[in-house]
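In structure tokens, the next block holds one chain alone, the form predicted on its own.
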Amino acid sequence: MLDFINPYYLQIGSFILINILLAVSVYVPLSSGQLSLGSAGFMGVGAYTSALLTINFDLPIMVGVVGGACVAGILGIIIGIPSLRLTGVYLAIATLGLGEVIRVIFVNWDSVTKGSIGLTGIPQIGRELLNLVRGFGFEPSMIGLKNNQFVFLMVFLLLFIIVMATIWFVVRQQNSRVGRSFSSIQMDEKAAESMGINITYFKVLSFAQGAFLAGLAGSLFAHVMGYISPSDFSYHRAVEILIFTVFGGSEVIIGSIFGAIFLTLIPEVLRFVSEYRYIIYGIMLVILMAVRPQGILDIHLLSRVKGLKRSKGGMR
């Protein structure tokens, strides 16, 4: 019996992977100089779209997930075009307001979203995968697993594959013409435009990609949890997603990944001091912003680490 495959740890791992997707959804627009706080809103759009498609139209979960992500991406394009006139904190305020508007729509559109009660009975990925393998004559007990262990393990592995594919795509894009265009716009928009870079196209592209990834995370979240409500996509969620990237380091994608992992684990690690864990969490963030406002990981730190590795390799 593989008792070490603990469903609790696997579920925490699944939340970490979803949060990595959300952190990357903030990182991509930031790479072109756009600070978006709309990730919680786009996450909600993806979650509700996927949930409604699978509940009301009995579509496969993967179709619902892709549909939710695409609707969020299209909304990102619609919002991104008029938002081009805004930069910095003004764009952040506008996108934060958008997220709140979306949440209020979820609360008040009772006939579709069930209001503040939320949607229940959403098909769960783990159970669908279990039913799928049983159709081929496989039972988790054949490999010494309980049903719940198999369900949580399959969910974790599926999310892991999706997150790895997403990171691979973003890293490849950074090293392409598109990524270099994003970087040049972030450094100096006017200079980039004078060099012939289509500012409008690339800014809307990065904004839409961020919205798509947030919608993808929301769709997956809905089918992992089996229940969603407007409170899951509130202002606090938007700030939490931003902190993942700011804490870890917004200059490099590994910073967003580290921030999502660390800040998802910390509340669980500090559970033994449950009364004070969020106070400790807040103190850590304040200290970090005072000591390293650029986040824990940045380009210079990574360059120094690479330099040390090269020097050690040369000494050998």
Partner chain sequence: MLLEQLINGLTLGSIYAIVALGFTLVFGVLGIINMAHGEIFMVGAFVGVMTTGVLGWPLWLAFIASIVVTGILGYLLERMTLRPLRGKKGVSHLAPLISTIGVSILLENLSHHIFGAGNKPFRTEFAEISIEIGSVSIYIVQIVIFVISIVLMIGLSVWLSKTKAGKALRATAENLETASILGVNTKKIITLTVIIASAMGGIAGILVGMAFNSVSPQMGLAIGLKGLAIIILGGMGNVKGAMVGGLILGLSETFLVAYGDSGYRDAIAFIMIIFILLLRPQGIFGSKIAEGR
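Numbering follows the first chain given and starts at 1. In this text the structure is predicted, and so the values were computed from the model without any measurement.
One more form of this protein should be noted, the form predicted in complex with the partner chain, which is absent from this view; the next part is about it.
- Heavy atoms within 4.5 Å of the partner chain in the model of the complex belong, among the stretches 69 to 77, 212 to 220, 135 to 143, 91 to 99, to residues of 91 to 99.
- In the model of the complex, none of the heavy atoms of E128 sits within 4.5 Å of a heavy atom of the partner chain.
- Mapping the unseen interface onto this chain, I162 falls outside it, with no heavy atom inside 4.5 Å of the partner chain in the model of the complex.
- Shown alone here, A208 lies farther than 4.5 Å from the partner chain in the model of the complex, counting heavy atoms only.
- Taking non-hydrogen atoms only, G282 approaches the partner chain to within 4.5 angstroms in the model of the complex.
- Along 212 to 245, these residues reach a heavy atom to within 4.5 Å of the partner chain in the model of the complex: Y235, H236, V239, L242, I243.
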